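What follows is one chain in structure tokens, specifically the form predicted on its own.
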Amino acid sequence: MTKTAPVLLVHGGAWAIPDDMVEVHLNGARNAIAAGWSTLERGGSALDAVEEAVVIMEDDEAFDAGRGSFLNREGKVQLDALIMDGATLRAGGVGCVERIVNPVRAARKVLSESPHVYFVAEGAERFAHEHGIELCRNEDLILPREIERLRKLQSSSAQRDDLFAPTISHDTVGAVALDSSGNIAAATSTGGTLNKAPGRLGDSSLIGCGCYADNQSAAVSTTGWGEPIMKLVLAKWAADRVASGNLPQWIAAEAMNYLRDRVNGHGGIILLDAQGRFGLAHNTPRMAWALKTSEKLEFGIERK
């Protein structure tokens, strides 16, 4: 059996990343690539690789995922994640969890050990605990800087729409991978939008919106303003166009144009097909990303 050359691509959010935050974003993307690539090098699955890459970024306080995520209107962290296997179309997602350090681990448990695709809130936490994931206190996920960030926003006269401006952090994280067996997978994880209403879900953990994978089309992860991405079911939109024969890089750019022109949205996207062809694009000032193949390692902050 001919082995496929593995590929791993990650993103760490698309927005106007300030100059003084560039290096920590690049370091986080590099660390995620290292973890995911180690899995692929050992012959591990694409599914394992995207999980391990995303865990690294959930554990990195530079990103809006896991510990250090934005706080909602009530001062709590609420996390969402999805992971999907392109070989089987099995997927697992969790939404609005408050006591799980690595929601992508819980999402993987849903994919692997449940007939369902999605659990939310207390039910998701109960499922995770029953399947060996230790629960934490919500306070363990909160950083002092986020308490201050929320306080400043709530005491300002900022308009509601300002919450979704490209200058506001959208540090959702994601990964797509191709393994040596020729299978692809995707994962996305987020803490959502600063000052969001309790119970609000964005695109990240919704199948076909912020994450999708199908060996017959592409593995996709998006980042950015969630509501417009959801309206377009953007990850599935992009995957379908790759299945129609279009090159992933061209589709990535088209997806960002479509997002802007159709619903005035902004964000970023990474995608990868089972032939190892990839694409990444954003219509924000910057997006942190990293790419690894057997021949090269690339990472950057501004590639469009």
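None of these values were measured; they are calculated from a predicted model. For every residue, the number given is its place in the sequence shown, counted from 1.
Here the subject shifts to the form predicted together with ligand ASP, a form of this protein not shown in this document.
Student: Which of 86, 226, 95, 92 has a heavy atom within 4.5 Å of ligand ASP in the predicted bound form?
Tutor: Result of the distance check: 226.
Student: Of the residues 183, 102, 193, 217, which one places a heavy atom within 4.5 Å of ligand ASP in the predicted bound form?
Tutor: The option sitting close enough to the partner is 193.
Student: Residue 200 versus ligand ASP, in the predicted bound form: is there a non-hydrogen atom within 4.5 Å?
Tutor: Close contact exists here: in the predicted bound form, residue 200 approaches ligand ASP to within 4.5 Å, heavy atoms only.
Student: Find out whether any non-hydrogen atom of residue 172 is located within 4.5 angstroms of ligand ASP in the predicted bound form, and reply yes or no.
Tutor: Because a heavy atom of residue 172 falls inside 4.5 Å of ligand ASP in the predicted bound form, the answer is yes.
Student: Please determine whether residue 273 contacts ligand ASP in the predicted bound form, using a 4.5 Å cut-off between heavy atoms.
Tutor: Answer no; every heavy atom of residue 273 is more than 4.5 Å from ligand ASP in the predicted bound form.
Student: Under a 4.5 Å heavy atom criterion, is residue 204 part of the interface with ligand ASP in the predicted bound form?
Tutor: Residue 204: yes, in contact with ligand ASP in the predicted bound form.
Student: Among the candidate stretches 132-140, 104-112, 175-183, 218-226, which one is within 4.5 Å of ligand ASP in the predicted bound form when only heavy atoms are counted?
Tutor: One stretch meets the cut-off, namely 218-226.
Student: Using a 4.5 Å cut-off on heavy atoms, which residues of 58-75 contact ligand ASP in the predicted bound form?
Tutor: Sequence-ordered list has one entry, 64.
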